[in-house]
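A single chain comes next, written as structure tokens; it is the form predicted on its own.
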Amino acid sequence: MSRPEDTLQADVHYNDTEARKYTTSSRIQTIQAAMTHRALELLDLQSPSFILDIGCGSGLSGEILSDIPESEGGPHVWVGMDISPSMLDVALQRDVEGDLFLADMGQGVPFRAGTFDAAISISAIQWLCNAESSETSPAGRLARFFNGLYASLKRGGRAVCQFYPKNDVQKQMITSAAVKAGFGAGLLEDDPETKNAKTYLVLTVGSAGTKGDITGVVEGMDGVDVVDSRRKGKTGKGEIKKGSKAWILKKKDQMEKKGKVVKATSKYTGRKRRIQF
């Protein structure tokens, strides 16, 4: 059975008819609610937070964020972004409490650095793995998305992305892109090896300080694969010395990839200054 993301772009697939069909389906509402609550459980928020809902659709997950009781750390304030005008139009008609933003996550996350305490995404990021044309690069779309998401979260912030990977290759593609952007990443699969299997990518900005589990979320959980390629292969040899020209150039390249403005490189870049008397 083919997936919709294999044949059409999300904004084309979720037209007015599909958007209303998706929103009014009691089965989809039940599944969406369960996955949203699971994402919140993994986020482990202790107080009302400012949350980004990526691929928010018609606001089904957002309604749950708004309704979390104070005893469970809520209610939360949220902003939703989605590529489908039809989905957002349905959300407006339903008068959801969150602010809505029309945007393609494959072009990045267009918010100021450190804006959000946390982020969730339900059944959306697998759309980034498909190329609708020869000019579209799944790797580029994934990189822009995760780089933008990393920048938009506060230090110590978390994100949980539930998605349906087509295969292990796609799962690895998504996880690797997140780690390259700087996230600590853990993969959790509920109901594995069944038709109801659901994959959650748990992401953390900055080290959580927990030995063996950089996400600080999934430690002790069964069936969790913690990924941290930044620690692999570091033997102490060939490491770039902090403050050296090579280190500065590497940092500037990382900042440029995240869309930041950096000073132009010159022959003086990384050169030590003379002591002034």
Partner chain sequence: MKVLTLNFLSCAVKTCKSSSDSFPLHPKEAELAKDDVEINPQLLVNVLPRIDWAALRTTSTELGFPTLPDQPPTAEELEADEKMLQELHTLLMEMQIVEGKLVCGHCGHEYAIREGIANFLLPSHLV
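In this text the structure is predicted, and so the values were computed from the model without any measurement. Numbering follows the first chain given and starts at 1.
There is another form of this protein, the form predicted together with its partner chain, and it is not shown here; the text below is about that form.
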Quiz item: in the predicted bound form, do Ile54, Gly59 and Asp67 all reach within 4.5 Å of its partner chain through at least one heavy atom apiece?
Solution: no
Quiz item: Pick from Ile174, Leu188, Leu88, Val205: which has a non-hydrogen atom within 4.5 Å of its partner chain in the predicted bound form?
Solution: Leu88
Exercise. Sort through Thr115, Thr199, Ser123, Gln170 and report the residue having a heavy atom within 4.5 Å of its partner chain in the predicted bound form.
Key: Thr115
Quiz prompt | Touches its partner chain in the predicted bound form: Pro75 (any heavy atom, 4.5 Å) | solution = yes
Quiz item: Is there a non-hydrogen atom of Pro192 within 4.5 angstroms of a non-hydrogen atom of its partner chain in the predicted bound form?
Solution: no
Quiz item: Closest heavy atom of Pro110 to its partner chain in the predicted bound form, within 4.5 Å or not?
Solution: yes
Quiz item: Can you check whether Tyr164 is within 4.5 Å of its partner chain in the predicted bound form, heavy atom basis?
Solution: no
Quiz item: What residues of 34 to 55, in sequence order, lie within 4.5 Å of its partner chain in the predicted bound form by heavy atom?
Solution: Ser47, Pro48, Ser49, Phe50
